[in-house]
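Have a look below at one chain only, the form predicted alone, in structure tokens format.
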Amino acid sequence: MPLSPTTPKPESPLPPEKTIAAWRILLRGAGAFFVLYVFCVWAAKGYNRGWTQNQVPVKHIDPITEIEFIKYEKRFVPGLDVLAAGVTSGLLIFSVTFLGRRCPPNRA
């Protein structure tokens, strides 16, 4: 008996051809979020365009002699190395989703 337009089609156990697996979507979102997060942390800590620093020089003036001297404060300032490592990690997480099966599953 042929199927008429009003008769529902039987459901196929296979997903449609053009779908993306949920883990791929999750990893792509996680990779993009991680890149954005690392950039925001780097920007919030001061846009340091050098290497990462654990101590920052701060100039002080002696009140009696008025001579300028430098004291070092312990403070973490992420540099471009942290930004590059974070962006590379995020892009690696994102790019893993493009590996794997390329051909669609066999349809019966």
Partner chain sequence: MSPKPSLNYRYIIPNLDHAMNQILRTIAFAGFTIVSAVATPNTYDFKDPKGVNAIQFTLDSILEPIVGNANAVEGKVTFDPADVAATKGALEVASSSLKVPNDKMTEHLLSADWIDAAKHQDISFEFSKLDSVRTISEGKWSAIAAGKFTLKGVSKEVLVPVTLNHLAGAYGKRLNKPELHGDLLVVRGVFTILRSEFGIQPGKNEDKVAPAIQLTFALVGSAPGA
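Heads up, when I say rigid core I mean the largest set of C-alphas that superpose within 1.5 Å between the two forms. Residue numbers count along the first chain shown, from 1. Given the structure is predicted, the values throughout are model-derived calculations rather than measurements.
What follows is about the form predicted together with the partner chain, which we do not show.
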Whether residue 39 contacts the partner chain in the predicted bound form should be assessed with a 4.5 Å heavy atom distance threshold; does it?
no
Would residue 46 count as a contact of the partner chain in the predicted bound form, using a 4.5 angstroms cut-off between non-hydrogen atoms?
no
Exercise: residue 69 in contact with the partner chain in the predicted bound form, heavy atom 4.5 Å
yes
Does residue 29 reach the partner chain in the predicted bound form if we count a contact as any heavy atom within 4.5 Å?
no
Relative to the partner chain in the predicted bound form, which residues of 36-53 have a heavy atom no more than 4.5 Å away?
49, 50, 51, 52, 53
Using a superposition on the rigid core, decide whether the Cα position of residue 81 changes by 2 angstroms or more between the shown form and the other one.
no
